[in-house]
Structure formats: structure tokens, C-alpha cells
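Okay, here we've got a single chain as C-alpha cells, the form predicted on its own, with questions on binding and movement later.
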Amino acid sequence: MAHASIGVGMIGCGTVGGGVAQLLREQADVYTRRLGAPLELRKVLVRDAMKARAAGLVPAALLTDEPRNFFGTHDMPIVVEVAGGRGPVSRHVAQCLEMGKHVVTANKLLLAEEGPEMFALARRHGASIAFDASCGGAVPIVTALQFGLMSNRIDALFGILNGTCNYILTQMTQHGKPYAAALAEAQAQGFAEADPALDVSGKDAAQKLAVLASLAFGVRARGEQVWCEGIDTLDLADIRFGAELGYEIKLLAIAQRATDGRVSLRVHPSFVHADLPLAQVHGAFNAISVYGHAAGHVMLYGRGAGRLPTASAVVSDLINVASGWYPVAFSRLRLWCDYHQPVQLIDPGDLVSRFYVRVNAKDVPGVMAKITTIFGDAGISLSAVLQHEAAVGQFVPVVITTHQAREGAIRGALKKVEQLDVIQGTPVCIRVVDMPQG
């Protein structure tokens, strides 16, 4: 017996939207068998219908740049939002929810900044929001946190959440390219935008971390609350020194819960030991290590961006919503941040880590004594010192690694070190991240 098709609308038709349309067209028989009814794309809302028709990603008859036309289309209970951003997109998503339409979105910015409001709006109107494509492309980290690890108290997340940055760092580490050359290569390969600021600043990863932390810890967290440092100031010399010490450099998104319930949320370049699994994630791939009290260490790995990997996650969410089980779960379980209290953050100065420090020091007697005295007075213990031979009296790079120390203490000590007359320039400081045992 043939089942009636399930109508789908779509907002946006760029790279990911084109991939969604492609999968719905090419895998229609597969999805129909799995779902028991065909999925039918009925209308696509875009900013410029003429431009979208020229791109040819979907049939021209489906395209409109008139919201009234889109929202007036009948029998379209699910809407896929792949336009990204906020502003008009936020209003379109809100209108869908107010009409009782389920929304599938890949929009991490919308969720990171307006998630609680959107989830609550969906709940009031009997709708749901599915968003596995928002935080890791094809990597099903959202589904894993929502459902696969539901029995666990999650204590920490360590993630490589931006494929552009990971590609750039791979080029710097494995091919010795300076940052500017590695960025140009990423742009030439299509991994980085013409304006890469969102990626290389760490803000993209911060938005994703806010969404994931909300799920993992049962809190309300927004992207602006994530302490963020990017990769755009990294020097190739530090990557080389780190390698001598046995470390790989990664842009890590880290969420950790303290025993008192407070949470640290941060994105920054990190040295991780070369033997750890996250250190082996290269190119434009993503990976997320999750630490649960019962499951221990669980790691998910895969392509974090791109046309079909992201479209894969969108269509999987679409099938889950169309099947009916996801809306029921959304209505009955209290997993989403509209149910949660605002996150209580740990002061960044109180965070404890090991540190890599590089200073340009004059090669004269007594320099290390002055530096170690400052560190000792701040309660910071050194674990290693690395210096290559140089002519006496020249400024040479001196690399120091520390044992566990407070962020505030290391920053205060480095200000004093910088003021020494035997130090040239500003010291470089990169955190050395150790993974939990699990």
C-alpha cells in the first residue's frame, strides 16, 4: 500500500542545501523504504530566486524569495533551515515553529545565541527542533549526547570542532608552512572562506561548544560565554619546539564540569601529547572526546564540514523527525536547554593547566635564575627547559614547560618576566592539555 508523501520545505539553498536536495533526489528509494513514506521537497525559500535558479541545485519551480509564498505552501510539516545566521533567518524559524512546523537546522549560531527561546517556542506550539548537523557535520555528536549517552553524567568534552583550523594546523605541523601560507592553502582547497575570521578566531568552535555543553551538562550556555583564542597568532617556531617536546598543536574546544557544578568553557590552541587520539586527527576532520562517569572515554571522528557530510546529518535528522519518534522524545524528555538553569562559569584565572612558555632571552649568566625566581614566587613549578646553542650575548628562544599551575598565576608571572631587561618581546604562552583518565 502506497503511503502519502511527507512534505518538506527548505530555507536556504547554498552548499549544504544543495547537498540536501541531492540526497533527497538520489536516495529517494532508500529513504522511502526506511521511513515507509516518501519525502518530498515542496518549496525552497532563498534570498535571490534568480541566482538560485541559475545555480540549478533544485528545480526552478520550487524556488521562491517571497516568504509569503513559502509559508503559504500547504502540507509542509517539516522545514529544513540551512541558510545560517540570525536576523531574518531567526524570524523565519520562529514563524515555522509558531505554525507548528518541525525544524531541522544546521545553524549553530542561532542555537548558541537563541536556543532556549527557540526550544521553548517549539514546545508551546507542539513542534520540535533537530540539530545534529550544527556541531560536527557528519559526526553525530548531538545524537550521542542526547540519546546514546543519556545514562551518563558527562564530566568533560574535548573537541576539534573546526575543520578549517585543523587543516591549517596540519599544514603547519606536517609541511612546515607558516600560518599565512597554510591559510592560503586552506582557501585554495575550499576549506576556508575568503574572510576566514569566524573560523581562525575560534568563534565558530565556541558557538558549537556552547550548544554541546548545554546538552552535556544540562545548562544554558551561549557562545559569547566561551573564552576564546584563535590560531591566527601562532608562530611556526612554537609548533616546532612543541614537536621536540612530543606534542601536537590543536585548536581544542574544552568543556569541563567541576565537582561544585561550575563549568569551564574555552576554545584555544593547545599542545596535546602526540600519542593521544586527538593528536592523530589531521586535515579537515573533526573529533570529539566525551568523558562519562559510566561509559568512560568515547570518541567520535569524521568529516566536520562540507556539502554531503553536513547534508548527511541534516537528512538523518529529517528522517528521524518524519518518523515521529523524535518529536515525541522532544516533547517528553527534558534534555534541551529551555529546561535548564544558566551556566555557572569558573573564572578563567582559576583554571589549572600545564603551560608551554617561550621567551626570547639574552644568553648571559643569571637569566634563568631571574626567570625561575619569578615563577617560583608565583608558586609555579617548572617541568622542562629547552634551549638551543647560540653565541653568548645574543637573544635566543628559551622554552619552558610547567607543572600544573593556575592561569592567573602564569599570566601574572609572564608580565614580570616580560619586564626583565634580558627579555626581548612578549612571551608566548600555550596551554598543555592532559586528557582525563577514562
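Numbering starts at 1 and follows the sequence shown. Because the structure is predicted, anything quoted here is derived from the model rather than measured.
From this point on, the text means the form predicted together with a small molecule, which you will not see here.
Novice: State the residue from Gly246, Gly126, Gly190, Gly324 whose non-hydrogen atoms include one within 4.5 Å of the small molecule in the predicted bound form.
Specialist: Checking each option against the small molecule in the predicted bound form, the one that comes within 4.5 Å is Gly190.
Novice: Which listed residue (Arg266, Arg222, His92, Lys101) meets the criterion of a heavy atom within 4.5 Å of the small molecule in the predicted bound form?
Specialist: Among Arg266, Arg222, His92, Lys101, a heavy atom within 4.5 Å of the small molecule in the predicted bound form occurs only for His92.
Novice: Report yes if all three of Ile11, Lys51 and Ala106 come within 4.5 Å of the small molecule in the predicted bound form by some heavy atom, otherwise no.
Specialist: Verified in the predicted bound form; spot residues all in contact, yes.
Novice: Could you tell me which stretch in 212-220, 358-366, 79-87, 345-353 has residues with non-hydrogen atoms within 4.5 Å of the small molecule in the predicted bound form?
Specialist: Looking at the partner contacts, the answer comes out as 79-87.
Novice: Given that the partner is absent here, does Thr15 sit within 4.5 Å of the small molecule in the predicted bound form, heavy atoms only?
Specialist: Judged by the heavy-atom cut-off of 4.5 Å, Thr15 is in contact with the small molecule in the predicted bound form.
Novice: Report yes if any heavy atom of Gln171 sits within 4.5 Å of a heavy atom of the small molecule in the predicted bound form; otherwise report no.
Specialist: Although the small molecule is absent here, Gln171 would stay clear of it in the predicted bound form, with no heavy atoms inside 4.5 Å.
Novice: Test of understanding: in the predicted bound form, would Thr143 fall inside 4.5 Å of the small molecule by heavy atoms?
Specialist: Thr143: no contact with the small molecule in the predicted bound form.
Novice: May I ask you to state whether Asn320 is within 4.5 Å of the small molecule in the predicted bound form, using heavy atom distances?
Specialist: Looking in the predicted bound form, residue contacts with the small molecule do not include Asn320, since no heavy atom lies within 4.5 Å.
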